[in-house]
Structure formats: C-alpha cells, structure tokens
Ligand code: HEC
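In structure tokens, the next block holds one chain alone, the form predicted alone.
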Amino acid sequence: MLVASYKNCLMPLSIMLSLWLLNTHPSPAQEKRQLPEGDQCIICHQEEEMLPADFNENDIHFQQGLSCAGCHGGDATQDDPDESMAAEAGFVGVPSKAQIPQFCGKCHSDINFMRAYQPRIATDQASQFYTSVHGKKLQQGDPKVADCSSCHTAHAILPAKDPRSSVYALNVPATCQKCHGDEDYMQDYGIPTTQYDEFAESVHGKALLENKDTGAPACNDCHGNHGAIPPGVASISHVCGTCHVNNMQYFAATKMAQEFEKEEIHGCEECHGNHAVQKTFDDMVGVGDKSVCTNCHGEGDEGYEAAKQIRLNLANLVAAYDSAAAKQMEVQRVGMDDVDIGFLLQESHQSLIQARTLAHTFDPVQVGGKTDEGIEKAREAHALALREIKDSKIRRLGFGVAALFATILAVALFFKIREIEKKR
C-alpha cells in the first residue's frame, strides 16, 4: 500500500482515500463474488493439478460463485469422487460438441435464472445459434463448426465489455480469425480465408484495430453474433445502413436498388466491397479510371452521363471550397479577422458532405442542388477574404504614411535641436 501511495503521490487525497477503502473494505458485491468454502471440485483439481488448461480465475461464472458443479453438475460438498460425480448427484461431465449450446442454454435460456444477474440480458442465444450457419451445420453433425466455447472459451469467459475478453470489440476479428483464417481447417467449406487480412486493411479495420475505435464495426456487427450468417441481397443494404443511414435511404429509393435486387446483386457491396471496404473518394464517382460507375455503365447510356455530371458537380464545389480556404489562410497570415470566413467555409464543407451522400441517389439534379449551395457559401467566404486582404493593404499603407510622417517629424526635430544647440 505504501508503494502504491508513493507511485500515486500526485493523486488527489480523495482518490487515494477511495482506493484505500476499496482495498481494505470490499463492497457487498465483491464479498458476494467469493466462492463458497469447501468446494471439493476446486480443491481436488488444484491438488491433482488437473485444472483445465484455459482455466482463469477471472471467469465471470467463477467470480459469481458458480464453480465446476454450476455447469457440470455433481455434489461439490463431497470429497469422494464416486459420490461427487455420481449420476444421482446430477453430474453430467463434459458435454459433447453437439450438446454445448443446450448445455450453456440451461442457464442462459432461463430468464428467471438470468434475471438475478442481468435483468436486461437476452435469453434467446441458443435459439438464435440454431438459425446460424454454425448452428445448422452442428445439427447436421459437422464437428468443426463453432459452438459457444469456440468464441467465448470454456473456463475463461469474461464479459464482452472487458478488454481481456475474447469477444471484446477489439478482439472479435482475431477470435473469428482462429477458424476463418486457417486454410487447412476451412478447406472443406469452399470459402475464402483472407477476410481478416482484407478487413485489417479496410477503413473499418484501421478504425477498429489501429485507432482502437470500438464504435467501428467488427465481424459480428455485419454477420450477427449468435445467429451469424452472411448478409443476403435483401439485407446487406440494411446491414450497412445500421451506421450509414442516409446512404441506405437514398439508395433504397432508387431504380438501381430495385434492379440490383432483381439481379441478386448486393447493393453496397457492389461498389464498396465487403471485407476490404476502403475510404471513399470523389473519383469513385464519374467516368474516370478510378470510377466504379464504369464497371456497369458505358459511354452514351443514361447512367454514364449521370455519373459524369455528378462528378463534375462535386469537382466544382471542391474547387470553390479550396480556393476560399486558400484565401482564408492568406487572411490569417496578414493577421486579419477570419471568423466569419471560417463559418462560411464550414457551411460549404457541410454541403460537400451532404452532396457526397446524395450521390447514392444517382440523381445529378439533387446532387447539383446541394453543390450549388456549397459553392455559394464558398464564394461568399472568398469575397469576404478578399475584403479583409484589401483592408489589410489599406491599413498597411496608412501605417506606412504615418511612419513616414513620424520619421520626417523626428528628423526635423533633430535638426531643430541641433540648430538650437549651435546658437547656444
């Protein structure tokens, strides 16, 4: 405690006192988490060095007082193995892979039982699991698919909000990667094993894995958790629309969305990809080399011309904004007021963001209306900047004239003083 106090000597006294109380006086919740004394399962497995390889004393069940018998059954008060692990005592042992979902579901599907721990927790995980690809294949006898313990572990289960948990947001991709990135393990399923590498290089992956932004999507945000399944044609835009709401709504109202569904083409994925989604840029729209529009549209058709006009609208706004922003920097260099210029540029940039979103309408008129608004604000900012620069030049001229007059006055005064001194 002295060492801790020394290391935290700069901490406020109230915080240090709180830490001391926490260390010396456990809260009721902490006291409740202590395992009952005399748990023969733990005692025997520790003495015989037979604790499971993945055993972790921070396991949420262990911390809540649910020991071995809580899951595996038996009588934890008996030190005789024959009595403690007797069928009469409810001992079920290690479940088979096919039994694991129902094994966990004994508690997790019982709302009355779970309410004592988390009143708002969902209790349909097991039923959801059987709707997933994993669950369906498990019922078909596939021994390789994921079950509850594959993702949550068996004896080191931590809450999803715990950074050490295998299902913590930052750890989910690596958890899925254990199976889905193993070529040998996945060779019987005919699906790629490059998802993790692609995701790690995507805009979502960089936000999650590099920037530690837990608001960025991981595998389960798109595929689901217990009911994990690849998004279908009808659902993929809704999956993306969970975050990109306006984009989804604009796209859903277009003729293209209807045609995509008829042709069984995945909406968002067709232009943006799935696991390797990159940060968008204006050249994705239009008819240039980097355009995705030309993957389907050729010169002369309606879509080609619409894409060309939308790109031109965006380019005009970007040019107007950049020009005004350059003038703002000039205003800043000469030390003039740029506050109003900044507000106008903010409005112009907001119009640019909205126009880029409106590109999902595939309508040059709607995009053009928004870019025109942004161009108008940029021009106002540009004109205001020019006035500030002009005022700066006038002020400098005035300062120059005043300085010259002061210099002449000083020189005249100098000679007058010399004249007076000579007379003396």
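Not measured: the values here are computed from a predicted model. Start at 1 with the first residue shown and count on from there.
The following text describes the form predicted together with the ligand, which does not appear among the structures shown.
Think of it this way: in the model of the complex, the ligand has a heavy atom of just one of A320, V331, L344, C176 within 4.5 Å, and the residue is C176.
Among E88, E183, D337, E302, the residue placing a heavy atom within 4.5 Å of the ligand in the model of the complex is E302. Though the partner is left out of this view, K212 does not reach within 4.5 Å of the ligand in the model of the complex, counting heavy atoms only. D75 belongs to the set of residues with a heavy atom inside 4.5 Å of the ligand in the model of the complex. Taking non-hydrogen atoms only, K327 never approaches the ligand to within 4.5 angstroms in the model of the complex. When contacts are judged by a 4.5 Å heavy atom cut-off, Q366 does not count as touching the ligand in the model of the complex.
Looking at 239-253, the residues that come within 4.5 Å of the ligand in the model of the complex, counting any heavy atom, are V239, C240, T242, C243, H244, N247, M248, F251.
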